[in-house]
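Next up is one chain by itself, shown in structure tokens, the form predicted on its own.
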Amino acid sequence: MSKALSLFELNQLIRTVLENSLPDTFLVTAEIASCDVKNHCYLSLVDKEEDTIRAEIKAVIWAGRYKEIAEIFEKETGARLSKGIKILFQATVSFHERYGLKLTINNIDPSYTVGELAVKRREILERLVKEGLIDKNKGLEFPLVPQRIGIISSSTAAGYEDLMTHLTNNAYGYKFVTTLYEAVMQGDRAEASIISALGQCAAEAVRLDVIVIVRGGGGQLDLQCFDSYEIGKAIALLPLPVISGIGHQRDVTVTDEVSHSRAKTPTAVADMLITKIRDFEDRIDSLAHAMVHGVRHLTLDMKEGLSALSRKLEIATGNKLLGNFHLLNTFVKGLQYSLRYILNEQQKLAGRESNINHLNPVNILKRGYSITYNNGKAVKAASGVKINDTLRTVLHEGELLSRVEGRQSDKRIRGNKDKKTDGTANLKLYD
């Protein structure tokens, strides 16, 4: 049986083996899981396969190298060393009997980190395209008058102040109702904070017109939290259009790609909103001008039409009146002729009436004439009666009954010497 070793002796052995068998330095890629700077920079590094950690180790950048490495890294990437950043570094493997295995980082390549971010961004965009989310927010109709603005930002961010100043002091005096949904805009907590703010916007969508995401300026790695699949998905599923204005000009993040619109700066976001309202006002003014112009032309056309109709009506009325005047004149002349004819006929009728009145038996009887009837027939000649016939004689007043005792055969009586008698001429009267 081999001799038992103390833990210290075992760790000394491991240290000796490592120092004698390993190269002086290694090039290693890993993701920073934590970063704590206390003069020296202490890091926890991980290697992931998708979301599973398959390796983990502690690392340190000694204070003498940390200041130089951090300055170069921040200058090249625009961000500090922090959680979630993937780095390519040169390190020495060391083993301490008490503190165990540790990597000492001697240098970091900033270009690798920038490239890794680009690869990650491309993979996220391809996933969003595959899931049909990349253009979902762009398909929403942008409001004609976006005045109720939901703002996702930090209240202390310079970009938020720039946005509010520009909206409040716009040259046209437009009024905006803004609601700030506070969020951390960079660092380890930024992704979860922004997703939470997007959820609040979705819950209060009925009182908002549009959502804007703004932050202050910063380096390229400060934008890393905006290259998030979860943020991209949350934006895509929002029922309101989103404007991204996260303060960068050269690089396009996942947030920019998924949002309805993008602006380079928060001030540009404000200009976009103001311009939308101004365009709507200009369209209204243009439509009002076109309406006034159209109504004016329509009124003029209608006036001309009415004037033409008035002239036609005047001419037609004049012609009609003239025609009716001629007809009336003809009618009056005909009426005058008819009146004269009626008067003439009345005169003729009066003459005939006078003649008829002269011939009226009653008037004849008044003048002393009488009518003699025999058997109900008027006696017109002596030959119409016989001796002993009873006759009825009608006078103007009363009647006489007589019996024929004789008759004269002459048609006319011209005196006694011409009278020819047949029997006696005496009449016997009866009451």
Partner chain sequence: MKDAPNYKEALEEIEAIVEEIENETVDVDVLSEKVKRAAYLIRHCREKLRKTDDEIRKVLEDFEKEEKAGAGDD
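Since this is a predicted model, take the numbers as computed values, not measurements. Positions refer to the first chain, counted from 1.
Beyond the structure shown, there is the form predicted in complex with its partner chain, which is absent from this document and is the topic of what follows.
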*Would Tyr174 show up as a contact with its partner chain in the predicted bound form if we use heavy atoms at 4.5 Å?*
yes
_Please determine whether Gly294 contacts its partner chain in the predicted bound form, using a 4.5 Å cut-off between heavy atoms._
yes
*asked:* Given that its partner chain is not shown alongside this chain, does Gln147 nevertheless sit within 4.5 Å of it in the predicted bound form, heavy atom to heavy atom?
replied: yes
*Give a yes or no for Tyr229: in the predicted bound form, does one of its heavy atoms lie within 4.5 Å of a heavy atom belonging to its partner chain?*
no
*asked:* Can you pick out, from Glu141, Glu314, Glu345, Glu126, the residue that has a heavy atom within 4.5 Å of its partner chain in the predicted bound form?
replied: Glu141
_Position in contact with its partner chain when the complex is considered in the predicted bound form, options Leu309, Leu322, Val332, Ala288, heavy atoms within 4.5 Å_ = Ala288
*Look at the stretches 83 to 91, 191 to 199, 111 to 119, 273 to 281 and give the one with heavy atoms within 4.5 Å of its partner chain in the predicted bound form.*
273 to 281
